[in-house]
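Here you get one chain, nothing else, as structure tokens; it is the form predicted alone.
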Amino acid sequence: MMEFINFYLIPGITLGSIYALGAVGVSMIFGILRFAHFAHGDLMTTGAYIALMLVWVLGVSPLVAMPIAMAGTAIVALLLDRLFYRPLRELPTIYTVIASFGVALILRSLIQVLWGTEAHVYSPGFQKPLIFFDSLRIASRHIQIISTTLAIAVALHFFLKHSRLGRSMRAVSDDPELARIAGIRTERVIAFTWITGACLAAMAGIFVGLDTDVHTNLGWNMLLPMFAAALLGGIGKPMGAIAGGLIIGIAEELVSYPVLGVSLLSPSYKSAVAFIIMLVLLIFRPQGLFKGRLLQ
């Protein structure tokens, strides 16, 4: 039982927490701007590399560098919106979707030019896990990732439910034209959507680097599970995206758990779980668990 918790359940919750942070931005951007942002994974990579640069230059821990990396990634997201997405806002959605593929390639190429193509780690060396009750082993980085995601989920819930800007974001997501007629500053809402999504993406990218390593395909490899999480929770439903990320992360780890000595899937194939869940969901419940916006 403790082997199941230590080596499958806790890593699954950790991975799901990372997916959840990235999926919130995917869900919010689709809900308000009405397009699938395929460069979102590369915003994760951008945040991870900004933090890596601060670790190298200032010698601080990646957690100390996180606020600056989040701010830098938010600025990058706002520039991308200004340069590439805003001019396409009145055109059919497919133009913006294709543009986001191009933006993803631009970001990844710039990262490779600035930092190279080698994989890096924030802190080399083995970190001993913390031991509770003599047999429960959990790495301190996993505690940090899970607790931060929980805090983000609570803060996001209260922000969307009780703040004026949060209510404006929900109004724009439901009906942008009606929200504009009602006097809501939609451009302000769009800007804050980019800031929120980029900050959470940077946080997720740094957590990936903490848990494994930092490389130029870091965010791109996470893109499919993040989209699957956003679809599972319901497009335009940030809390649903968090739930979807946790479900997919746990599912990916549990499918390799040996039952009666036999694993359902080899660990090398567990990334296919997100793809399978996404396909099944699109066929049988396209609005997601939390009844979000349908893809059009």
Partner chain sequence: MNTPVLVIENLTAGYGTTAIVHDVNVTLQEREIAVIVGPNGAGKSTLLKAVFGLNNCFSGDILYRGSSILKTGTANLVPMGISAVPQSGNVFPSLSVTENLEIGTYARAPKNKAHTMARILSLFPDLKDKLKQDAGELSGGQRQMLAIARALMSEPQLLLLDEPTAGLSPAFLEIIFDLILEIRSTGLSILMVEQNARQALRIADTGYVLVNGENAYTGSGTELLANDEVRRSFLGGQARLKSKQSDSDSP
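The shown structure was predicted, so the numbers you read here are calculated from the model rather than taken from an experiment. Residue numbers count along the first chain shown, from 1.
Below, we turn to the form predicted together with the partner chain, even though it does not appear here.
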Self-check item: Position in contact with the partner chain when the complex is considered in the predicted complex, options Val154, Ala182, Leu130, Leu79, heavy atoms within 4.5 Å
Solution: Ala182
Practice problem: Report the residue, out of Arg137, His215, His142, Arg170, that has at least one non-hydrogen atom within 4.5 angstroms of the partner chain in the predicted complex. | Solution: Arg170
Practice problem: With the partner chain left out here, work out from 146 to 154, 171 to 179, 67 to 75, 199 to 207 which stretch has heavy atoms within 4.5 Å of it in the predicted complex. | Solution: 171 to 179
